[in-house]
Structures are given as structure tokens and as C-alpha cells.
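One chain comes next, on its own, written out as C-alpha cells in the form predicted alone.
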Amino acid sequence: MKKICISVGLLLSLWRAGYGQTVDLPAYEKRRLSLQEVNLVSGYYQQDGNNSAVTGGIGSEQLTDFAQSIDLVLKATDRLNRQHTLTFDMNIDHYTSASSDKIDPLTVSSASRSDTHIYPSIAWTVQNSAKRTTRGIALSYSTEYDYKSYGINLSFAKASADNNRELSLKAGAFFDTWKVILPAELRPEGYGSGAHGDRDPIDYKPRNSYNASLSLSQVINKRLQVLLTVEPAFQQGLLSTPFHRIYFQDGAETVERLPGSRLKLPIGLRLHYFMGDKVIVRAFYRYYIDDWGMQAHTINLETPIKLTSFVSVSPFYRFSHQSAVRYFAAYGQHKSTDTYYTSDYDISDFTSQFIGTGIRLAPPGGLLGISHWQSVELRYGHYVRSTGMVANSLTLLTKLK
């Protein structure tokens, strides 16, 4: 916790120090805040499997999600020739979940059979070309049927004199409040369901997350760029999901129980290699470890290929393997003497693969004769997990500029 507070304090100090320096300024070019870019994203996601944590590690994982996102990018230049960028982002997801409907199987509809997830955010960055610095702050909010979240993020980046190297620092915090929704058969007398319209009382618990990031990017030569990033994170509060059932070896039933804190450490390396005017290779490797006993390795490869001056395709492939947290066991395998227990296959041992492609159109004069319609991209991905889960996603991205 102390390290995270120091990171936030350091960012604030760098912000103030940067504004306290004096440099020779170029000619004054003040510009008013104006809309520069609009990005629209529509997504569809569908999955199915047979390891629902709601029913103790067995049962349908069927889920569908429709996502809509719009972000507006506004820019202005102040009297010191610093570029200000203001980004408004609104995201809305609507999902239906067969497994969540088993929280209360005796009702027609449980609290989370279907719901809408809304999460807007606003971000402000200031780029100072003379000092080669970029500073930013972002605020976010998220709400769903069983939680509310408030977030803040600070960032600072400094480029080298030749702009071939950049050091970036980020720090953020999210403050969540969760409804403690219990399976129907495990609720105390008078305890509410958490469903809309149910006035019976339920408990509320906090979950706070703190994260930091240190990144170093370097241009090796005109063809190769690399980025190294370290992103420690710490969570504290209600980290288990109370409506996830647990079944013990002796037949007894309870709800998932996990430690009240978790420390995570991901380390990543990204390489971009330009093979010419038409082919780019984007490779990424990520190593992850946490104090719950999980380790993971992820390799991602994407190769955008320009077919014509305005048509490109981007095949991609991701391979990942993770070990289970030490508290995981399958349905009916936990001992009643265990301190912590979960049958959530998202934190079990598995291997996954994600493969797909995207096609992007970006004609010089705009799409369909609309000059501001800069590009459109359609991406499809197919996901398989060694536990049996299968998922498909389809995403449409549109940029107006």
C-alpha cells in the first residue's frame, strides 16, 4: 500500500514540477476546444460451457453480451502551445446469463439473469512538445445490478530529446461497493434477494483496487520498436463472489470464500516490427504472478497486412496458459476443513487460444463519399479453453474525424 501511495505522490510532484519550469516558447498558436474525433464501437459476445461457478463448478456457462461504446475526442491549444485533449467515453453492455439465473432457481427471474452495465469515463491530457511531456488524469464510474465503482487514474510520460525513447508512469485506484447476494437456499431468515424491487435488507461490502504502471518504450531502428511494462496491482475487500456455491466432499454446501487481499504482478514485453510498407508484425508476451499461487504466460501475435492503399487485414492469435490459485477445487472436492475455497474455473488451471482476423477500410476521401468517415473495421474472434468453454466475438469499429 505504501508503494502505491508513493507512486501517486510522485506523479503529482512531477505534474507540479513540470509546470514550474520555464522554457523558450514557440510562436503563440492558441486554438479553442473543438471536436477532433468520434469513435463508435459495437460488439457481440457469446459463450457456452459446463463449469458455472454459480452452481459449484458444474452447469451452463451460457452468456450473451451486446456492447455499445462511443468516445468523443476534443482538442485545444493554450497560450503556451500545450495541446489539451479531453476524451468522453460512454459504454453500455447488456447481457443475459443462464448461469446467473441459478442464484434463485425458484423465482421466474433472479437478480442477474439479465442486466445492463453502464460505465462512462472522462480523461484529460496535456502534451507539452517543448518539454516532451504528457500529463493526464481520468475519472470513471461503473454500475451494474450488484455493484458501483468509482475510479481515478493519473499519468505522466517523458520523451527523450530525439523522441526515440519514452518513460511512462501511471497510478490508479478504484473504489467499489458490492451487494452481498446469496444463493436462495443459503439466505438467513429475512435476508433479501438483491433483485430489483425486493425491499428486504442485504449486506454491502467494499472492494478497493490500486494499480501502478511503469513503461519504457524504445525505437531500436526504423523497423523495430519495443516496449517493456511492469504493472503491479493490489486489491482489498470482498474478493470472493457470494453467490458462487461450494459443495464439500461430505455433501455440505456453502458459498465461495477467498482471502481479503490479493497482490498481482504482470510484466509485459511488446515488439512492433515493420517488414515494409505493407506488413507489420505486432508481438506481445506477458508473464503474470500473484500471491494466491497463480502464474500465467500469454503470447499474442497480430500481423496487419495492407492489401491496397485503403484495405488491410489483421489476422491475430493469442495463446495463454495459467495455473490454478491454491484455493481452487472442482465440484464436490473441497474439504470442510479448508479455510478458503472456490470452484470458479476462471481461476483454475487451463490453456486457452483466441484466433481471428479483422478487415479495415480507410479510403483517402472517406467512406461512401463522406469525408469525415475516416475508417471502419470489422473483427471476428473465436475462443476455446481446455475446460470446454467456447466463445465467439464480433466487433465493429467506426472512426469519424
Partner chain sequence: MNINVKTTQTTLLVGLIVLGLSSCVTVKEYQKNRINDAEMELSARKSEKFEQNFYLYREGAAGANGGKSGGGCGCN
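What you see is a predicted model; the values in this text were computed from it and never measured. Numbering follows the first chain given and starts at 1.
Just so it is clear, the following notes concern the form predicted together with its partner chain, a form of the same protein that is not shown.
Stretch-level contact analysis of 74-82, 282-290, 130-138, 182-190 against its partner chain in the predicted bound form, using heavy atoms and a 4.5 Å limit, identifies 282-290. In the predicted bound form, at least one heavy atom of Val41 sits within 4.5 Å of its partner chain. By the criterion of a heavy atom within 4.5 Å, Trp373 is excluded from the residues contacting its partner chain in the predicted bound form. Interface residue remark: Pro206 is not counted as part of the site for its partner chain in the predicted bound form, having no heavy atom within 4.5 Å. Within 4.5 Å of any heavy atom of its partner chain in the predicted bound form lies no heavy atom of Asp115.
Only one of Ser314, Gln236, Thr254, Thr125 comes within 4.5 Å of its partner chain in the predicted bound form through a heavy atom, and that residue is Ser314. Contact with its partner chain in the predicted bound form, judged by any heavy atom within 4.5 Å, is made by just one of Phe274, Tyr145, Phe310, Tyr331: Phe274. Proximity of Asp250, Thr339 and Gly388 to its partner chain in the predicted bound form is absent: no residue of the three has a non-hydrogen atom within 4.5 angstroms. Of all the residues from 332-360, those having a non-hydrogen atom no more than 4.5 Å from its partner chain in the predicted bound form are Asp344, Asp346, Ile347, Phe350, Ser352, Phe354, Arg360.
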